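Take a look at this single chain in structure tokens; it is the form predicted on its own.
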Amino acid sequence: MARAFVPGHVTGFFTVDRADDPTKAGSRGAGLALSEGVTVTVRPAEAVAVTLNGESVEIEAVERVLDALEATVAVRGVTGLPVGSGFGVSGAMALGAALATNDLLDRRLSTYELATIAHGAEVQAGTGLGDVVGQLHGGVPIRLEPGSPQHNKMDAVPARSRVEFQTFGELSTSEVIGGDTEAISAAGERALSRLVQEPTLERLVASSRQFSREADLVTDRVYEVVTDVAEAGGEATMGMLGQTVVALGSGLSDAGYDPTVCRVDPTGATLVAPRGDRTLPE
């Protein structure tokens, strides 16, 4: 077996940058990599099987990764993150499967090559544009140019923080990024420009709030909760794409909510058990 941990990733704002080559397509934007993430375990198998929290699932991005690596394996994901709510679970599964399968089967590909495969798979599946590169880097990544690690340009906000989040429902990523995205991209470009001028966590969250309004993505429930946090003196925004509110520090708790608490992940995706390691629990 081999095992990888991939942090969750919540996007504050983004653009939609299309290209014929899925490894060059993606988004510009910024977000937070979270200490809450997905642990992906890979084992040899007679047929491909993918499970998430004990349930059999079909995740197109994972299937594309395994096809690219010519791998017949069983992939098991375990996470406490809400699925379909803007935390990059499908991207984490794809990247974790790539890292662990490469190690298990000794494919001898580099980290960037594996992340490029996972990123391209996510783009082709229509389930994400920038989560994989954010999850690879960890911290508070800023995507200055779109595409996979072999094509894009990255920076980061040099900061760490306690993070709280609460989810109130799902939004379909594919429906949003598959439609008319001109207004979204224009709002994302303005938000990116503001953050680059002042690369702080507070500016990221404020730019994200403005982006959600300008791109007409914020829901009534999310707006209500973000307003409650602001009235309690905190900083919060909508997590893209889901009915999810993400706050710095104790913003949601101070506003009277009962959020999940984590921190900014400092390291990004990594192997946690090399092939054949039996010292970790199942």
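This one's a predicted model, so the numbers in the text were calculated from it and none came from an experiment. Start at 1 and count along the sequence shown; that's the residue number.
A second form of this protein, the form predicted in complex with a further copy of the same chain, is not displayed here; the remarks below concern that form.
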Counting only non-hydrogen atoms and a 4.5 angstroms cut-off, does A183 reach a further copy of the same chain in the predicted complex?
no
Just checking whether T270 would be counted as a contact of a further copy of the same chain in the predicted complex - the rule being heavy atoms within 4.5 angstroms.
yes
May I ask you to check whether Y112 falls inside a 4.5 Å heavy atom distance of a further copy of the same chain in the predicted complex?
yes
Applying a 4.5 Å heavy atom distance criterion, does E145 contact a further copy of the same chain in the predicted complex?
no
Proximity to a further copy of the same chain in the predicted complex (heavy atom, within 4.5 Å), stretch among 198-206, 72-80, 121-129, 185-193
198-206
Select from the listed residues L99, V133, I117, M93 the one whose heavy atoms reach within 4.5 Å of a further copy of the same chain in the predicted complex.
L99
Pick out the residues of 154-171 whose heavy atoms come within 4.5 Å of a further copy of the same chain in the predicted complex.
M154, D155, A156, V157, P158, A159, R160, S161, R162
